[in-house]
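Coming up is one lone chain in structure tokens, specifically the form predicted on its own.
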Amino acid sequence: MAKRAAGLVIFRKIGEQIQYLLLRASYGDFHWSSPKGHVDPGEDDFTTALRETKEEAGYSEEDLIIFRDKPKILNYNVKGKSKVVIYWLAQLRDSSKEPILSDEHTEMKWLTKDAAKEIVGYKDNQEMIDEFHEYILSSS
């Protein structure tokens, strides 16, 4: 059975610029990603996304406008095992509120769409950023 994880792709607007929050892992290949984590037994995906975002970035549901109607599901392999990650798009209500990192991450960056796509590296993650970006632009 595939491992499941869930998280939020968080963005903020600074004037007309849209920036995405990415966190650098303190383990493994020190990859950059949005806040996410494994689904605990008995927990649904959305609850996991909220819990992991609070743990990893310090943002609670009250800090965010979450677009629940547009989840994006990524399927990929990690060390030969299949993994499913579901993400929801979320806008930070107060664009000046900085994240509070857990010990799972060493640094964070707010990046434009193109810079975010470059740093995440993975094609499916890049496509997700593009899709969410188009959604933000079309609903502005």
Ligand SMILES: Nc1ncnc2c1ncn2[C@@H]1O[C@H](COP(=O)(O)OP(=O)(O)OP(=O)(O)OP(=O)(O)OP(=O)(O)OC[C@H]2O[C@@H](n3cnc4c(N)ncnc43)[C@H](O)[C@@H]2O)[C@@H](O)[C@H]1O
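Predicted model, so just to flag it, every value in this text is computed and none were measured. Position 1 is the first residue in the sequence shown; the rest follow in order.
The same protein also has a form predicted in complex with this ligand, omitted here; what follows describes it.
Report whether the minimum heavy atom distance between Ile136 and this ligand in the model of the complex is within 4.5 Å.
Contact with this ligand, no.
Since only the chain is shown here, I'm wondering whether Gly37 would be in contact with this ligand in the model of the complex (any heavy atom pair within 4.5 Å).
Flag for Gly37 set to yes.
If we define contact as a non-hydrogen atom of the residue within 4.5 angstroms of the partner, is Asp29 a contact of this ligand in the model of the complex?
Yes - in the model of the complex, heavy atoms of Asp29 and this ligand come within 4.5 Å of each other.
Evaluate Lys83 for contact with this ligand in the model of the complex, applying a 4.5 angstroms cut-off between non-hydrogen atoms, and reply yes or no.
Residue-level check for Lys83: yes, a contact with this ligand.
Want to guess which of 89-97, 65-73, 106-114, 50-58 is within 4.5 Å of this ligand in the model of the complex, heavy atoms only?
Stretch with heavy atoms near the partner: 50-58.
Sequence order please: the residues of 106-122 with a heavy atom within 4.5 Å of this ligand in the model of the complex.
Stretch hits: a single one, Tyr122.
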